[in-house]
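Presented below, as structure tokens, is a lone chain in the form predicted alone.
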Amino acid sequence: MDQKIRIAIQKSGRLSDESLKLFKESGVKFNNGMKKLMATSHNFPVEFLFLRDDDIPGYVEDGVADLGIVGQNEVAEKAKNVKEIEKLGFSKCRLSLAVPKSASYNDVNDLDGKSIATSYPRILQNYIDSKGITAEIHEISGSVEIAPGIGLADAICDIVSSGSTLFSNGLKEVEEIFKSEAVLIGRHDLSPEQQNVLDRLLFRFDAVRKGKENRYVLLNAPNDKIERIIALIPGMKSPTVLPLAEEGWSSIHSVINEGMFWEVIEQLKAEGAQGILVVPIEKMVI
């Protein structure tokens, strides 16, 4: 029997929603109704802990949880002894410096000798050290963006997604200092049985990710253009080609990467392809 692994997930917020969605898309079923702090899957050997995101690296380091899903910003800020296993591709954001809109700003040297408010003092200190400047760092939690307006600091360093919060508080983003996305972290000493469960989980995550990155394409093409069209959509191994009832035409089935979608579709039409259907892929195993 597989040894269960315990996974720490943010208890609420966008990171939590995206994490739970990934597990459900990976076929891991569980019930966390009424916002319980623990949940157990009934079809996969995992159980979940729902925690504050900034507590997750510490819980993994201490062995309370075997794995955790958290932003890279929290991993870097807490600097706990955990390993980063895999980037998950969601909850992307950046940690940036911002100053009042009215402030003159040329480059980061303008902040030398100034005060900066942040919830990420370790990342900020590493950054300003790398730039050879000094600044007074005010560590605060929550509502960092109001610090310049109340006279607490000359600038802030905070998480930015769209920038709308900065704008509404009279600030402008001036330097991006750290990129972040959700990552799966883990203990360094998983047992062989736990590693086996992790490998199975990563296999499922990979199938979900590949499904989202690719599209299934079906089209009709004149037989004299099949080779040229196959060169455009080679597929995972090779496309499927089936004869149509109409003589001289075939149906071609293949897979294309989402990033190539519009460019390839335009080229297919130029080669005479007709009746092009593009279908989402739920899972993709290579």
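Numbers for residues come from their place in the sequence shown, where the first is 1. It should be emphasised that the depicted structure is a prediction, and the values quoted were computed from it without experimental measurement.
The form predicted together with a small molecule is left out here; the points below concern that form.
Legend entry - Contact residue in the model of the complex, from S96, N214, Q194, S91 (heavy atom within 4.5 Å of the small molecule): None of the other options qualify; the answer is S91.
Inset, instruction - Could you check which residue among I137, I85, L152, I159 gets a heavy atom within 4.5 Å of the small molecule in the model of the complex? - result: By the 4.5 Å heavy-atom cutoff, the listed residue in contact is I159.
Inset, instruction - Among 69 to 77, 102 to 110, 195 to 203, 123 to 131, mark the stretch whose residues have heavy atoms within 4.5 Å of the small molecule in the model of the complex. - result: Every other range fails; the passing one is 69 to 77.
Legend entry - Contact label in the model of the complex: E47 to the small molecule, heavy atom within 4.5 Å: No, E47 sits far enough from the small molecule in the model of the complex that none of its heavy atoms falls within 4.5 Å.
Legend entry - Contact label in the model of the complex: R228 to the small molecule, heavy atom within 4.5 Å: No, R228 stays farther than 4.5 Å from the small molecule in the model of the complex.
Inset, instruction - State yes or no: in the model of the complex, is some non-hydrogen atom of D54 no more than 4.5 angstroms from a non-hydrogen atom of the small molecule? - result: Result yes; D54 sits at the interface with the small molecule in the model of the complex.
Inset, instruction - Give a yes/no on whether G13 approaches the small molecule to within 4.5 Å in the model of the complex, heavy atoms considered. - result: It does: once the small molecule is placed as it appears in the model of the complex, G13 has a heavy atom within 4.5 Å of it.
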